[in-house]
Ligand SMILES: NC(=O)c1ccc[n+]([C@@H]2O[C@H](COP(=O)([O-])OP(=O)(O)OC[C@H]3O[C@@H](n4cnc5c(N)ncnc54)[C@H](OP(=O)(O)O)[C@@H]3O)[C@@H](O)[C@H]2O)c1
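To begin, one chain is listed below as structure tokens, in the form predicted on its own.
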């Protein structure tokens, strides 16, 4: 029986991933800020299938809460950091910008690094049993987006940070593998319900794409095919031209 921990399992992609893994026979450690939603999720499965833990990744005691969850799940085979926030902020509301960076950058680092240090001290992992760490970033990390400065910057930071951890894990021979998961627009509560977004995909399809990529141990999981094409051409746009494209909206 395999075990997964999902940080950010109260809604959206995280909840769907927890549901799918639990339905496939995994034991899932589900974490998030809203304990009531976690308990509601756990109640849909036999006792012991989904183990819940309230964790606010922006809080300094988040690592202690993660340790509590790890003590219940044991050494997981999969660690998914799904938690994140993002808003359009063309008026540069300071609170929105700083909260986004605190959650997506500091919170992600806090959780992932604490877990890697757990792996190093655990003794349950080796070259023959590596833990798979997946972090959901976004295609928005491809370049800075004027309508959402902190969000696009935080996603670029996550991608760069994961790349650095991959290199470090090889230098230190750590028993971990990484996936950088880069969705486009997914129909979750993160999106402004008053706007229409291009190429939006369902949470169900997003979860299927993610699990398919994780099963194949893909280093970068970008979905669907339309976004892979978009990102390919997006990267070809010179910075001096991109910064002058004032019609770009997200």
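This structure is a prediction, so every number in the text was calculated from the model and none was measured. Positions refer to the first chain, counted from 1.
What follows is about the form predicted together with the ligand, which we do not show.
K.L.:
May I ask you to choose, among 136, 108, 133, 150, the residue with a heavy atom within 4.5 Å of the ligand in the model of the complex?
P.N.:
Partner contact (heavy atom, 4.5 Å) among the options: 136.
K.L.:
Tell me, which of 188, 68, 212, 49 has a heavy atom within 4.5 angstroms of the ligand in the model of the complex?
P.N.:
Going through each option in turn, the one that passes is 188.
K.L.:
May I ask you to state whether residue 82 is within 4.5 Å of the ligand in the model of the complex, using heavy atom distances?
P.N.:
Close contact exists here: in the model of the complex, residue 82 approaches the ligand to within 4.5 Å, heavy atoms only.
K.L.:
Any chance residue 208 has a heavy atom within 4.5 Å of the ligand in the model of the complex?
P.N.:
Although the ligand is absent here, residue 208 would stay clear of it in the model of the complex, with no heavy atoms inside 4.5 Å.
K.L.:
Residue 40: heavy atom within 4.5 Å of the ligand in the model of the complex?
P.N.:
So residue 40 does not count as contacting the ligand.
K.L.:
With the partner left out of view, is residue 23 within 4.5 angstroms of the ligand in the model of the complex by any non-hydrogen atom?
P.N.:
Outside the cut-off, so no.
K.L.:
Heavy atom within 4.5 Å of the ligand in the model of the complex: which residues of 20-59 qualify?
P.N.:
In sequence order, 32, 33, 34, 55, 56, 57, 58 come within 4.5 Å of the partner.
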